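Given as structure tokens, the chain that follows is alone and in the form predicted on its own.
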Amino acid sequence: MTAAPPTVDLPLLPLGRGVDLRSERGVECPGDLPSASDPDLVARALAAKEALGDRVFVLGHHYQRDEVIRFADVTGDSFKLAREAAARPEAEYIVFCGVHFMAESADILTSPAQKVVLPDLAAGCSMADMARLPQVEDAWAALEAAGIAQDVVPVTYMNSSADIKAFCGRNGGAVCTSSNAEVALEWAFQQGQKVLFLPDQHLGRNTAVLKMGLSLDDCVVWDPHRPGGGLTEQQLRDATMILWKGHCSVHGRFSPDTVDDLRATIPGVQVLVHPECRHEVVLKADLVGSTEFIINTIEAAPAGSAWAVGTELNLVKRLAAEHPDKRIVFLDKTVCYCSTMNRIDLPHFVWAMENLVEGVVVNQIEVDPETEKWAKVALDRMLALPGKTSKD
């Protein structure tokens, strides 16, 4: 038998530091991309949006730049935005200012007549890229070899590619958001004895240990870059939670030392973090929750309160500007935006919108029918869970 070729890792390039056209489709846009220094960009964006009218529906993720978010018809987290798009069947074009997996979800949930556009195809997600279908299939084969695959239910975070969602759909699993991960895991453990949690190990660990009552010893981490995931068959048999070795490049930066430093320098500061943060950071936080939970908590906080927020910097800065009566600081000593989310800038937005005005659909995101079918199965299983499912 011929061995399968090894999975080739694609480079992850920081914003503005080189391109790799094999992995970053759309970096070189067909036609003329407006200059970032063009003083008429705002006027051009407004004119294009007015010309398109109800034919276009613009979605803006919370982590987007202010220069782009101002043109969004709806702002929110990834799943909320995808559902908002599905609720606008009259919109011919869905312009998704977010990242690739979010636009895929919008394409899955909208009608075939609607076209989903991502202004820059290089706007990906490093976390989603950490779990590729061949790698996950290799892991599943290892679970079969260990004799436990029939007991394992795959659950993937919304922040994953459509083919990973489809893998879960085909294998009896579901999708979850950060706000319903506990409910999704409860459901999964009713279906089987073990869970393979993709692709964010931190959300999986934090939910399992802090919400489900499991211990850290019940969790193992599957490393797709090591033979056998770096685990023995006995470790797989003994584990309850098999966590994929993936993480958010922004939320993974926050450290417990910074929490200690801020508590020492800002009297009465409350630490509010996303569950994608590392376990030791979450343990030191006062409050933990989804992006929407973070926003709602800040909005409801009393004037004069102080907050250190552990999530993406664009959102933290926006919250600070919107609530000048509260002290809101970033939970990191270093400025760190989500570099791929920041790929969607005003020039790319204007370029995509003006092309639509001319009847040219650029950067359309299309999920193939078979992948869409099984990804929707996994999403529908999530939608059938009790409680709210619209936040991540």
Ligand code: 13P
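Residue numbers run from 1 along the displayed sequence. Predicted, not measured: the structure shown is a model, and the values here were computed from it.
FYI, the form predicted in complex with this ligand isn't displayed, but the following is about it.
- Contact annotation: D77 falls within 4.5 Å of this ligand in the model of the complex, judged by heavy atom distances.
- Looking at M102, you'd find a heavy atom of it within 4.5 angstroms of this ligand in the model of the complex.
- Interface residue remark: M341 is counted as part of the site for this ligand in the model of the complex, having a heavy atom within 4.5 Å.
- Mapping the unseen interface onto this chain, N314 falls outside it, with no heavy atom inside 4.5 Å of this ligand in the model of the complex.
- Contact with this ligand in the model of the complex, judged by any heavy atom within 4.5 Å, is made by just one of S290, Q114, T258, Q135: S290.
- Note that among 222-230, 295-303, 271-279, 85-93, the stretch whose heavy atoms approach this ligand to within 4.5 Å in the model of the complex is 271-279.
- In sequence order, H61, Y63 are the residues of 46-75 having a heavy atom within 4.5 Å of this ligand in the model of the complex; the partner itself is omitted from this view.
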